[in-house]
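To begin, one chain is listed below as structure tokens, in the form predicted alone.
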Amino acid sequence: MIIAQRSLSGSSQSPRSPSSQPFLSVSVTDPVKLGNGVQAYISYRVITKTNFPEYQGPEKIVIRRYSDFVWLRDRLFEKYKGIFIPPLPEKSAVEKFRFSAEFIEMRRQALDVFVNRIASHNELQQSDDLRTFLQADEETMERLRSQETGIFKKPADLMQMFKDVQTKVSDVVLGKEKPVEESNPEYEKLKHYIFELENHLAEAQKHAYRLVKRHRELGQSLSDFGKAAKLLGACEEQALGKAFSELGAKSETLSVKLQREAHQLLMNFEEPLKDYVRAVQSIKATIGERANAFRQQCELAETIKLKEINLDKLMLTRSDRVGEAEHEYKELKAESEEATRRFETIVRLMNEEIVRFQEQKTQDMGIAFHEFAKGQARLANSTADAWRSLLPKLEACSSA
């Protein structure tokens, strides 16, 4: 949960006091499985607390499902060109993982981060769609979702459209499609940075996953060894048997700690890295939108030149189509000016967004790596303490 304020000026007053700063606090909680089979899904309680005057009241609780979050993100992406829309966690394609407790908690945490990033963004927090998402009843949300997807005849159409858009964006960003390109050194530097960042984040996330896996495997091995050592201890007598039994007990205790640390590593280290991989992919989508806007601007400018030439010819020949051509020219010029404004707005917003992204990334990655180091230190200390406590008894056995 994050408390988003419209002003950065501080205040020691309670958020509920009338003179406090405007705030918007959102929590995604209580995941519950509903339905059966392929119709099964997870619902979440979304709790909003705010003193924004445009909201219905100081607190609102609604029930939302994953597709509602998708609806919100799609609406924001369509309306706020140039702004980096926060990414959503991906769906699990594997049925046996879809409803595991760990996957559900990871998704709940990621959805909480998603909606709070929107709520803390100066522009996005004012969105009518966010307000609808946080306040509308379930029937209204279902109707809005169906309106968004009603134009598609079948899911395959949506998937194909997504693939086409994804390919087009990749082609534009990677430079495979080169009808018109923006030649701006700062923009080229930004694109290079984003692609490098994605590669490095993905590599770090891959190794973080391996660390989680290694912790779990070592924990399982210690558990198995502990059981074997305790059985061995039961076969022995006196000091040796007791030493083996205590060795087995310590191994099982450390196994539990390793499994617990593996879960913390997953939630507080691997997941934040994975989230930033998704965030960079969202930035790439905005880069694709900027490329499209630049291309539209250039194409309209070229078309205007042709219209001017045609209009001059018609005026020289005193054609009766001059009036119609002038009208078309004015309309096209207005459209071109609007395309230029749209492109310039995207550029301005992207420049602001990359600064905000860098600041947020520095903070989030600092927390993630701090949690990683703290967890590893905690695990190393508890492991050393556990084995150290056994040394006197084991040494006594070996010297007897």
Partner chain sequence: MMGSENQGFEEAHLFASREEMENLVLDEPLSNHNNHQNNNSYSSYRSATSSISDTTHHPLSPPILATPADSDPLLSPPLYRNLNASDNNSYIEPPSYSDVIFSPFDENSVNEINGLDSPSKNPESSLTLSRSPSSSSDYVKITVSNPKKEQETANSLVPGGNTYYTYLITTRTNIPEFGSSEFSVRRRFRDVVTLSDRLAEAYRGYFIPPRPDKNVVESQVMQKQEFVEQRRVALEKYLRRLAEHPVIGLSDELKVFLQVEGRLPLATSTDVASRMLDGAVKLPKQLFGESTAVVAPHEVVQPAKGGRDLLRLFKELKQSVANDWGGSKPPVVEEDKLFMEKKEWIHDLEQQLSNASQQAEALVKAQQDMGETMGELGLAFIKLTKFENEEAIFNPQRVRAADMKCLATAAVKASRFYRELNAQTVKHLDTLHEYLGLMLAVHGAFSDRSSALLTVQTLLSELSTLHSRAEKLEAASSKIFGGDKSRVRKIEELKETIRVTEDAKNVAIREYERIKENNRCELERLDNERRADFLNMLKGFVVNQVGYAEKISNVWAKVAEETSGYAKDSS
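Since the model is a prediction, treat every value here as computed from it, not as a measurement. Positions refer to the first chain, counted from 1.
Not pictured, yet referred to below: the form predicted together with the partner chain.
Looking at H207, you'd find a heavy atom of it within 4.5 angstroms of the partner chain in the model of the complex. Residue contact with the partner chain in the model of the complex: G366 places a heavy atom within 4.5 Å of it. Remark: A243 counts among the residues lining the partner chain in the model of the complex, judged by a heavy atom distance of 4.5 Å or less.
Within 4.5 Å of some heavy atom of the partner chain in the model of the complex lies at least one heavy atom of E203. Residue-level contacts in the model of the complex: of L197, I304, A285, M106, one residue has a heavy atom within 4.5 Å of the partner chain, and it is L197. The contact residue chosen from E182, D129, E236, E142 relative to the partner chain in the model of the complex is E236, the criterion being a non-hydrogen atom within 4.5 angstroms. Partner contacts here mean any heavy atom within 4.5 Å of the partner chain in the model of the complex, and among 188 to 196, 108 to 116, 131 to 139, 321 to 329 they occur only in 188 to 196. Residues of 359 to 391 lying near the partner chain in the model of the complex, listed in sequence order, are E359, K361, T362, Q363, M365, G366, I367, F369, H370, F372, A373, K374, Q376, A377, A380, N381, T383, A384, W387, R388, L390, L391, the criterion being any heavy atom within 4.5 Å.
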